[in-house]
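The chain that follows stands alone, in the form predicted alone, written as structure tokens.
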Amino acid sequence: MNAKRILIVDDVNFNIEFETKLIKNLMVGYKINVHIDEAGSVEEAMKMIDENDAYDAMIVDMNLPDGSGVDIAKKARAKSEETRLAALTIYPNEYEAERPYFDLFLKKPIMMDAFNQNFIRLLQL
């Protein structure tokens, strides 16, 4: 099986490292290889979407210093309808209007069990 390509977008390095570790550990159980790219800003994420094949899944922080995760989601959707998108936010209710751009919302702070269950849903495993 081909590796799943994941993009994690967050301006907090600890969050990226934590999510990466959770995803890698989870995928071992499913015997799925993963390739994880990381971006710390809207600008970086846009560049990675442009320069790479479509991602299987993306976890996008909604509140980034240089813009909104919604802009990233729109660009990812324009590139591929197949990319599964999760919004990461402390305030999921504030983003109800953007729900059509995302397959699910992950709530901060990240709780391991909830994150794992949601990530499995995101990849439709």
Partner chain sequence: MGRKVLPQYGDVDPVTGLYSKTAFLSILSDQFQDSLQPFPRAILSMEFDDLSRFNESFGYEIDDLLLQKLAARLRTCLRNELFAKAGTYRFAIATDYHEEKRLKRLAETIVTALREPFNIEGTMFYITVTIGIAVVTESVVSAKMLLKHAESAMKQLQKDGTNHIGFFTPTDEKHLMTELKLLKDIPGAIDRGEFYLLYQPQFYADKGCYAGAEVLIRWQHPQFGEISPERFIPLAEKSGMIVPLTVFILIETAKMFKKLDTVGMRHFTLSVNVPASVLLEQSFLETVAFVQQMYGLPKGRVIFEIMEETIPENMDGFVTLLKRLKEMGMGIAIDDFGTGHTSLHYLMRFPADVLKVDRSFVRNIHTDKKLFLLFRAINDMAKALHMKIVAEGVEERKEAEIIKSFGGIVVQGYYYSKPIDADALFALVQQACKGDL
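Positions refer to the first chain, counted from 1. If you're wondering where the values come from, they're calculated on a predicted model, not measured in any experiment.
From this point on, the text means the form predicted in complex with its partner chain, which you will not see here.
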property: Partner contact for Met112 in the model of the complex: its partner chain, 4.5 angstroms, heavy atom; result: yes
property: Non-hydrogen atom contact Leu104 with its partner chain in the model of the complex at 4.5 angstroms; result: no
property: Heavy atom of Ile90 within 4.5 Å of its partner chain in the model of the complex; result: yes
property: In the model of the complex, residues of 31-57 near its partner chain [heavy atom within 4.5 Å]; result: none
